[in-house]
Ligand code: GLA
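Form predicted on its own, single chain, as structure tokens, below.
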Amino acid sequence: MNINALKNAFKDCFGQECTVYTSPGRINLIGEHTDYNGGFVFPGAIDKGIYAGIRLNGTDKVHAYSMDYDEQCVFGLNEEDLPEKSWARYIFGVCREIQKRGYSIGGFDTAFYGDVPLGAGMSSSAALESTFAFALNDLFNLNIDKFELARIGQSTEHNYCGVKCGIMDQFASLFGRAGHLMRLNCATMEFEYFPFNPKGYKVVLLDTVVKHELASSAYNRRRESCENACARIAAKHPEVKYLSDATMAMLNEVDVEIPAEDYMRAEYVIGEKQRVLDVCDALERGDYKTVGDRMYGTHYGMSKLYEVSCEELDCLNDIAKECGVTGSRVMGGGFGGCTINLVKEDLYDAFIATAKEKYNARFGHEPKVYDVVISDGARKL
């Protein structure tokens, strides 16, 4: 798929020319399940995203065509117009969240496609939300700042897609900068760009080809566990607003007051905050061994404490260790998707070959391989 194919599809559907907008998916080097706990995340935008051709149509209706699904959907802009198709709800939700903030928008025609692998933990949904939030902001001259555009995408997930996600995915999609990762404090929304071009290393994603569904109760249950642990700690320490504000000493004070499951979830989150800070410090020193060690630490925590890994992800993580890969961990919400791997270039070919062979022998198919290029965020093309 390419931009010319998108423009042709739009013209075939609507008989007009269009303006093209794009927003990327993202990786997250470290800092998982910390965003909704007020902690740090360390994402970067990637060279895969959602591409949408859009033209205002002067009506109060949206005519949308998904090239990937080869489906069309027409819907209005009032709450009762919620479309049945799940992919259309992301666009509808963005429109409604813009309106809820007091801005006026009208109908438009759109055709769109994505090259972010679905279900691989690279946040195709946030890329979709960010594309339309950015585009509508531009086309209707709304002058909404990028932070609020990110919140519009997040609110779309919460209110129209059933996922109580944090802000990281939408933030990364909108604020991405080529050659840089971003450390975001999800409590204060303060962020800093860090140059990321590790000489002698490659960043590669290995896709289990196991699809996860973040709207499932498992994701939301973990958030509830964190909120419960945080509330218990805050009762003794009022300065704790988010779980990431807490220390292990504070968590141990309420050990007997909370379920063991809630304790494990909180232990992971508190440890993950420190791992992010350790990685930022290590990158400034060029210390990739520490970066890799912390990535393995995150995988252990997500597998054993937060329990969002799975047999396939753990297998790929074990293979990475066996092959001498510097760092490897599950990336994204979990329950499938990808591992993100920091690999020395001279080990890369052997690692990929071994991973394909051993994974195929165990699960009957090879993992998909995605090399990562850190790229710019939402923009008009």
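This is a predicted model, so every value here is computed, not measured. Heads up: residue numbers just count along the shown sequence, starting at 1.
Not pictured, yet referred to below: the form predicted together with this ligand.
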- Options 132-140, 168-176, 253-261, 107-115; stretch whose heavy atom lies within 4.5 Å of this ligand in the predicted bound form: 168-176
- Note on the structure: The listed residue (Y242, F75, Y288, Y219) that reaches within 4.5 Å of this ligand in the predicted bound form by any heavy atom is Y219
- Pick from G39, G44, G327, G332: which residue has any heavy atom within 4.5 angstroms of this ligand in the predicted bound form? G332
- Message: Test of understanding: in the predicted bound form, would E312 fall inside 4.5 Å of this ligand by heavy atoms?
- Response: no
- Restricting to 12-45, the residues within 4.5 Å of this ligand in the predicted bound form through any heavy atom are R26, G31, E32, H33, D35, Y36
